[in-house]
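What follows is one chain in structure tokens, specifically the form predicted on its own.
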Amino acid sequence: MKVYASYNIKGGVGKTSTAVNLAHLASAEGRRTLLWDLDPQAAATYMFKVKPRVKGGGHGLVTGKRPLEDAIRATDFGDLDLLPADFSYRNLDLELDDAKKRTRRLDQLIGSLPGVYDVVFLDCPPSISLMSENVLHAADTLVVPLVPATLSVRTFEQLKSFVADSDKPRPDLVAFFSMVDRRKRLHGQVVDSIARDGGARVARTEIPALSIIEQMAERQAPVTAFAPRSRAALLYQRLWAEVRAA
């Protein structure tokens, strides 16, 4: 089972769009896929028309009182299940702090799943926290969306340092630029100037700022599902190929 985490310290960079579309593409290939929405804002959960509610909340999951598989919901797409968000996830750091092996609890929970999943995607909240440390221990690959701005690149450097300081074997990092508008000079300068080595791979695929991606919330579906021949969907397919090959 391969675990991917859509993660960035910075918010508003396209983490949920990434997780939703790549998870859908993985399932479309026939891979049994689970998407766990760890963000209490529940955007990924909303995209799949599932109520953002887990019986027992984050406390029940972290303590094991609520088995993970009992909280999983089917989506409208074959081979793609969802573990929905819950507003109580805002307190997950506190719950994890009380757990044994507090930096590895997420990994333990994912490992407790029945052996029916080939791929797990984590849609992560933006932070550097105890949850973030758990994500580093659980994920094989961090997929890191970057908006083409100076501060975004700066936080990427912070993220690389955070991963380097982790006490476990480092997950692979695959960064890519999202919300790109090549008509803006600064966007082009930032994208073209970033170092494509130095501890992380930067994908060649760019995801532009396209209105059809914004329509995901209105349609409550991945763009790769409702517009599979669109430019956005084709670019997500290319990105998934790069991430999968990492």
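Sequential numbering from 1, following the sequence displayed. Remember, it's a predicted structure, so these values are computed and weren't measured experimentally.
Beyond the structure shown, there is the form predicted together with a small molecule, which is absent from this document and is the topic of what follows.
A heavy atom within 4.5 Å of the small molecule in the predicted complex is found for one listed residue only; from Pro52, Pro208, Gly56, Gly188, this is Pro208. Between the options Leu25, Val13, Val223, Leu235, the residue in contact with the small molecule in the predicted complex by a heavy atom within 4.5 angstroms is Val13. The shortest heavy atom separation between Met179 and the small molecule in the predicted complex is within 4.5 Å. In the predicted complex, at least one heavy atom of Ile213 sits within 4.5 Å of the small molecule.
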